[in-house]
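What follows is a single chain, given as structure tokens, in the form predicted on its own.
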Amino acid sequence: MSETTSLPQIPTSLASLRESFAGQSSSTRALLLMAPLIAFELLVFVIPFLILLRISFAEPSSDLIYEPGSWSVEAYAAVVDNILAFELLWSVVSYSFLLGVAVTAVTVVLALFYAYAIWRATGLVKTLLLFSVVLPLLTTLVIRTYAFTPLLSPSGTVNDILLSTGLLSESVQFVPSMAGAVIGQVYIVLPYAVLAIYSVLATMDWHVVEAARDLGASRPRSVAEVVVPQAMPGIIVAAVISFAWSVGAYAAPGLLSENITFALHVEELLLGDLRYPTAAALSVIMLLLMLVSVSIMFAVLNRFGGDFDLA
């Protein structure tokens, strides 16, 4: 009789897979669980950014989009020189950051009040408030941003109401303008800011606020000195989300403003002028400026004693 070669048994049942997974070390199990996320981050973010970085160091070409295989800092020099000379890129970068600051200030204040209202509400009211935050996220970004055009135009709904009530004597041009871009962008980022702050408030003990009021603190003072410091991690996260998104905003400034952000200018450089190295260099510089801004926000958080474990 011929000997039969035994093949290694392959675990096919769920129990066998579970035993095999349980036999791994904790670090190996954590790595296996994170593997899909790591692969996604590499494919969607890291590799495209490395390609963008490589293009930014390519030499511009008159015949091609850029000179393949070449290395040059000409694109970075052109961007920096243009900014320092207060030319077109200076207005683009300054408007982008001005929009980011304005949207962040308005969003954080509104989100703090709204998240506080959700935290203190109960039952059906709390459910409706949370649903009102999530509902805009179910609509396409461009559609809900474009909806502000008929609302805020000189002949739109808002102007009609203000004129009919006598609050205005003539129509105001909200769009296209800076005000329109701020309103549209606030509407985009507000749900994320509310959820970031509410996630921290939900971990707070209301009895601490009651204790402050028992000791003589008024309602505004108890909120300012007890609730706000405890909610600081969520506030900083909301500020980072709002600022980073608004500086690189595309839809709201494109539809509701007459000025352009750096994202719109990058599109023009890519699709209109075919200046890929310059567009890539501008994107990298803006990313570095954003990292500096985020670092400053984290420093503010540490100064106020916030704990990011709650965020």
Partner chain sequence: MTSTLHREQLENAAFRAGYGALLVFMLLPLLVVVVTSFSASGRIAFPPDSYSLVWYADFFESTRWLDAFTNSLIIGVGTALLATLLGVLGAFGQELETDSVVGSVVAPVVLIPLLIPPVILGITLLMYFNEVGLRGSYASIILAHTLWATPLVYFVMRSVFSRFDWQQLDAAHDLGAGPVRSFVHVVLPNVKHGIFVGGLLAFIISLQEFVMALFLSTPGTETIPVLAWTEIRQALDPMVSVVSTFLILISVGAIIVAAIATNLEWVSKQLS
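Numbering follows the first chain given and starts at 1. What we label the rigid core is the largest C-alpha set whose atoms superpose within 1.5 Å from one form to the other. Since we're looking at a predicted model, the values are computed, not measured.
One more form of this protein should be noted, the form predicted together with its partner chain, which is absent from this view; the next part is about it.
Subject >> One residue of 162, 110, 172, 211 in contact with its partner chain, assessed in the predicted bound form (non-hydrogen atom, 4.5 angstroms) >> reply: Result of the distance check: 110.
*Can you pick the one in 93, 183, 78, 226 that has a heavy atom within 4.5 Å of its partner chain in the predicted bound form?*
Going through each option in turn, the one that passes is 183.
message: Just to confirm the contact call: exactly one of 95-103, 164-172, 78-86, 125-133 touches its partner chain in the predicted bound form at a 4.5 Å heavy atom cutoff, so which is it?
response: The contacting stretch is 125-133.
Would you classify residue 248 as touching its partner chain in the predicted bound form, given a 4.5 Å non-hydrogen atom cut-off?
Residue 248: yes, in contact with its partner chain in the predicted bound form.
TODO: Indicate whether residue 139 is a 4.5 Å heavy atom neighbour of its partner chain in the predicted bound form.
DONE: Close contact exists here: in the predicted bound form, residue 139 approaches its partner chain to within 4.5 Å, heavy atoms only.
**Prompt:** Quick one: does residue 300 come within 4.5 Å of its partner chain in the predicted bound form, counting heavy atoms only?
**Reply:** The answer is no: residue 300 has no heavy atom within 4.5 Å of its partner chain.
Would residue 232 count as a contact of its partner chain in the predicted bound form, using a 4.5 angstroms cut-off between non-hydrogen atoms? No.
Discussion item. Using a 4.5 Å heavy atom cutoff, which residues in 37-59 contact its partner chain in the predicted bound form? It's fine if the answer is none.
Written reply: Residues within 4.5 Å: 37, 38, 40, 41, 43, 44, 45, 47, 48, 49, 51, 52, 55.
**Asked** Superposing on the rigid core, do we see a C-alpha displacement of 2 Å or more at residue 267 between the shown form and the other one?
**Response** Residue 267: C-alpha displaced by less than 2 Å between the shown form and the other one.
Has the Cα of residue 41 moved 2 Å or more between the shown form and the other one, judged after a core fit?
It does shift by 2 Å or more.
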